[in-house]
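Quick setup: one chain, the form predicted alone, written in structure tokens, and binding and motion questions come after.
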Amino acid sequence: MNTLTITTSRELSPEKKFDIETKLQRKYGYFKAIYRVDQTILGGIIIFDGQTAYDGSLKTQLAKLRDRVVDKIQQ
């Protein structure tokens, strides 16, 4: 059985956890979900399946945007 670590910026309601787990079952089948709260990600979600991190956090999206802007300015 896979274990997924699901990180969000705030505690999720049971309904939201159920919604996330239902969507993830399509890819992973049965799995154990471990939820973590990390306020530093600002928003969004990070899913780690033991090998790959799927990072949809606001912190990462803002960092990528910053990098693109800096690259454009430096050209």
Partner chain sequence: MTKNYNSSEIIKAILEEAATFKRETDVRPAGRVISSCDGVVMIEGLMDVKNGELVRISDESYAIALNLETEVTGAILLSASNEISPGDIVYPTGETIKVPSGDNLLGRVIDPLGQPLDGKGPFRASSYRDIESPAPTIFDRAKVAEPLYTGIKAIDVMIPIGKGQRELIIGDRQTGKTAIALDTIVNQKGKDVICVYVAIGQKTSSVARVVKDLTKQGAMDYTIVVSSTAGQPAPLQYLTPYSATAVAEDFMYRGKDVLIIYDDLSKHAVAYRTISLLLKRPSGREAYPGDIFYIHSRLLERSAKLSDEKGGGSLTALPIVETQDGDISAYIPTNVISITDGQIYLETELFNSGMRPAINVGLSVSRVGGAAQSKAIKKVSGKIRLNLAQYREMLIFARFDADLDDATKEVLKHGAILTEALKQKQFSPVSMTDMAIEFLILQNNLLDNFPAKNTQNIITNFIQLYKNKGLSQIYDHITVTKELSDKDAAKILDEFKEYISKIKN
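Positions refer to the first chain, counted from 1. Predicted model only: the values in this text are computed from it and were never measured.
This next part talks about the form predicted together with the partner chain, which is not shown.
- Contact annotation: G29 falls outside 4.5 Å of the partner chain in the model of the complex, judged by heavy atom distances.
- Contact check for T52: a heavy atom falls within 4.5 Å of the partner chain in the model of the complex.
- At a distance threshold of 4.5 angstroms between non-hydrogen atoms, T60 is in contact with the partner chain in the model of the complex.
- In the model of the complex, the partner chain sits within 4.5 Å of a heavy atom belonging to K64.
- Shown here without the partner chain, the chain has R36, G44, I46, F48, G50, Q51 in 29-51 lying with a heavy atom within 4.5 Å of that partner in the model of the complex.
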